[in-house]
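This document starts with two versions of one protein chain, written out as structure tokens and named structure 1 and structure 2.
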Structure 1
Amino acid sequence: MAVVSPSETANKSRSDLIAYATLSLMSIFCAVPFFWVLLASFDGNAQLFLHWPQQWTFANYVRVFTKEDGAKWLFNSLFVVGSATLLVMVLAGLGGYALSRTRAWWKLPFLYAILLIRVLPPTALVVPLYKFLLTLNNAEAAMLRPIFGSYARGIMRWTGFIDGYLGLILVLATMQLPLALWIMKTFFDGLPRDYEEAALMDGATLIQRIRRVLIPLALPGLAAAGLFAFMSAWGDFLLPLIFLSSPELQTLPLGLFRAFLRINEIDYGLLTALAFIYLLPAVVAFGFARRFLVQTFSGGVKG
């Protein structure tokens, strides 16, 4: 039965050859742009064009942290995106658990709503969002100023809604919530309910159930939801562009973009070193997220 005729083998190896050729071309297309960032960032004489460095150096990376405020930008990005990711994981963990287990009438409308929210383009929401946050921000400033006087400005830097960490964290987190809720809901759907029903019978409170059932079992789902939230928030450019203006709050994408705008004196070595620093966490997160990619797009994440 399993005899393979010579012509069939020839056919197979020819198809394999076509597959190799196609995938190689595709890989070159996908990888070449990365070479510029990688090579130019270690090049003492970096230019806009891709070329092999004559003198290898770390000076570009050093300049990011000495000449520019690279450390501050990195901290701001990590702090803002990290906080938003944590917030998403907590809220989506709880919310996804509720969405999976409830039998209430609002379950289906809510699920439809978060799918629809996912399709709204952020650019279309950003104008009213800006107005709304400005109102919140002014109200908050009016409240803080009489109490804290001249310290109010420093506090607003952390808790302000416009040009403050809090506003950006909340908005970034909200934009990632629909997907995260969806991932967690499908994740909990795949978990057996025996444990918690037993716990419920034993009279466990909600807090006890969350601590003993939800947290230990939900980790794989939370990891997936967190990774996707991190990647999407890390790569976002629009929200920091609109909601931040002080130099001391600037994040990596803004620092990178503004370094590029200095038309007359673009320092390509610095620019590519900065781009590489910004790129690295995204690629690492993507590497971890890889095994969740298929499940997330084709339905839910299975533990």
Structure 2
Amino acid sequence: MAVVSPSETANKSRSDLIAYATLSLMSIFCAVPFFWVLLASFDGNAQLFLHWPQQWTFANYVRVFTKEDGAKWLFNSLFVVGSATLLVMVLAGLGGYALSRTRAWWKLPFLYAILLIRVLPPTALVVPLYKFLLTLNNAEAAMLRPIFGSYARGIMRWTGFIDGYLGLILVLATMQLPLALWIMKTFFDGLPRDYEEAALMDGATLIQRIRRVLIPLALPGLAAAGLFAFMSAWGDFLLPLIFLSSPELQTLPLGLFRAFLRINEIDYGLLTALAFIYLLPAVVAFGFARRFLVQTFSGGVKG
């Protein structure tokens, strides 16, 4: 056993102290904005600078839902991002399993090709994507208007490709799908085929194997892929700004942005309350999926 001299022990303690001090300073630097958002959202006289509230109140949160369209913004955000996440999980689960089990020569080139979608900046894709979706939107409108007349616009708020839920859901899902496919393909690579072969020998049909074997085994990977898709789509600002224009379809980041741009004095209490509400779903999603995230990236299912 090596003998550690007192000077080496002192040097190690000094290095640890410097490392912890540096990490503490970085943590404080990162935490201060969140701390300011939390304090200011409950402050009846919120200001630009950090200070302890003299009057604690829920008035800022009440105003978000009574004087502003906070409930509508929150619903739109949860519906669009939740639908896109669900779509990503389904497609990534099926696609990841197929890519993991196939031995086709094109598998690796295909995986690198779809990863390009993730690598390219969304700003560079906005114009061609908008043009493509606008063409689809015009074709859909041409079909719906003769049938439904004045009700066509109401239908297209849900099914429209431009200024409609469907178009934004598809775009967000498309942007998140490549990474989710990689996660699920890698996760299925780590799953032993013994479970499926045992179910096959027991006479299980394809549907039974998927429902009773594959889905339970793939839950950690699906949760990790869904968490990444949800958090990335939840924080997206550019795509909702480009593809949504109707006030009734606005999402939380757009509501926050428009509240900040008002020509009157900036209402920091309202802004921070909106920001805190905007933070909560991402934190809750991370709390639910954290265990699956750790399990996925620490080796998945052992067999």
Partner chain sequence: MARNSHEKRAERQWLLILLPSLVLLLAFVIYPAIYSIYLSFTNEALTGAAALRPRFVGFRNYARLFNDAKFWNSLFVTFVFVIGSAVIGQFVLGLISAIALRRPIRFRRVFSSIILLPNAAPEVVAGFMWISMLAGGDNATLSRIVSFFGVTPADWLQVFALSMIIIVNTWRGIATAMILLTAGLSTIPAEIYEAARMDGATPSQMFRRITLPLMMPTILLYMLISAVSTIAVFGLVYALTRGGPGGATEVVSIYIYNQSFTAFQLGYGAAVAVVALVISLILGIGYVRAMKVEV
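Just so we're on the same page, rigid core means the largest C-alpha set that superposes within 1.5 Å between forms. Predicted model only: the values in this text are computed from it and were never measured. FYI, numbering is relative to structure 1, first residue = 1.
Colleague: Given structures 1 and 2, which represents the form predicted on its own?
Modeller: The form predicted on its own is the one given as structure 2; the other form is structure 1.
Colleague: After a core superposition, would you say Leu25 shifts its C-alpha by at least 2 Å between structure 1 and structure 2?
Modeller: Comparing the forms between structure 1 and structure 2, which are aligned on their rigid core, Leu25 does not shift its C-alpha by 2 Å or more.
Colleague: So with the core overlaid, does the Cα of Gly149 end up 2 Å or more away between structure 1 and structure 2?
Modeller: No, Gly149 moves less than 2 Å.
Colleague: Superposing on the rigid core, is the CA of Arg101 displaced by 2 Å or more between structure 1 and structure 2?
Modeller: Arg101: C-alpha displaced by less than 2 Å between structure 1 and structure 2.
Colleague: Core overlaid, Val283 C-alpha shift between structure 1 and structure 2, how many Å?
Modeller: Its alpha carbon moves by 2.3 Å.
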